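Take a look at this single chain in structure tokens; it is the form predicted on its own.
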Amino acid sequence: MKDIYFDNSATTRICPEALAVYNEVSTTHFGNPSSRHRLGNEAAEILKSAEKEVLAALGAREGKIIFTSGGTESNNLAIFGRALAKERFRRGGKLLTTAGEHASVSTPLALLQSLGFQRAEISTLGGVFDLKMLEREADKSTVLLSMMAVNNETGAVYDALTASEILREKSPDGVLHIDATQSFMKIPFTPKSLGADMITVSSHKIEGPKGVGALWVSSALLKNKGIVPLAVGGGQQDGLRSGTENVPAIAAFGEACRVYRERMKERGKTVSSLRNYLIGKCQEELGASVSLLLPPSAVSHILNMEIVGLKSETVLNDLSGRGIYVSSGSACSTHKRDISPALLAYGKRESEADSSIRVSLSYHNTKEEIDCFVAALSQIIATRCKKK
């Protein structure tokens, strides 16, 4: 049987166009973009072209793209770079985030808290960002709110724009960083529509290569020197991220952005139709054996479900043995035994969270694959529950 890949939130297969660009740049335009000769100049132009593609994909009319090694580095740069930007921030500056954030946000914030920063988590109970709690927590000492636009495990869409408005009203130093790793090219947005000062995006979530991502930073924040670099040395990327740029991967990322932007609307309709079909099949054929997580506002490509009475690890292994691939949470922490903070923050009990799997769809998937998945899940539930 052909493999069925339902783990597209973890990573996607690189598209042919991006792979072709990667190979061409690696072999033909391999110069160091800092070198002052023809090959170096070619590489520098390729970087500029890729930046334009990422800016266009973000719908950004201003600001700068800082290319990084991926979403984790971009998040770290946004958080540490902002927190350490001003001397006064280091004397009890307040950092806000959501409950159930990705570890690349929650871990840096916890480290900064240990160094003397204040830290607070805003509730996301039921998949809703608690704006009233944000109003209570945000104050004059707040220097950063770092939050997902879309939760990577529940698929819940948060109201970033209203959060931005509250933040700016409460704090003159308040800056909004959006981790758009799961929303980029999946739902339409721009920096303006999010009210964002910084936005994290990742290549391998949109059929680009792994190991490359970007942080968009607004012109106003740059002008105010509101972010400082973490990697220093050669002064590349205007001194904001030193180190020789990964030109082939960046070029391929830009190409993936171009391709996805041209086909985003069509692909979105396909995925939305597949999600509705998957929900219907689960409700019709699995009934009370599966509890679907359906946030009030959700993206189409993520569906989290609890397999009642079975551990997620058991279900994952059984599905994998059948050539069907899903996940039990964030791919970055999938080998840890901890219960998902995102699901607990949503309001799930530990036992429910420990029985949950994430299905993440792509326009490559089909209704026939969903039929096979639901049939396999039905067999696994019947076999495993019978043994009990």
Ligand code: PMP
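When you see a residue number, it is the position in the sequence shown, counting from 1. Everything numeric here is computed off the predicted structure, so don't read it as measured data.
Not on display, but discussed next: the form predicted together with the ligand.
- Shown without its partner, this chain lists 104, 124, 97, 218 as candidates; in the predicted complex, only 104 has a non-hydrogen atom within 4.5 angstroms of the ligand.
- Proximity to the ligand in the predicted complex, defined as a heavy atom within 4.5 Å, singles out one entry of 146, 142, 181, 164, which is 181.
- A residue is said to contact a partner when one of its heavy atoms sits within 4.5 Å of a partner heavy atom; residue 71 meets this definition for the ligand in the predicted complex.
- Residue 204 belongs to the set of residues with a heavy atom inside 4.5 Å of the ligand in the predicted complex.
- Within this chain, residue 75 lines the site of the ligand in the predicted complex, having a heavy atom no more than 4.5 Å away.
- Annotated contact segment (heavy atom within 4.5 Å of the ligand in the predicted complex): 148-156, selected among 257-265, 148-156, 244-252, 222-230.
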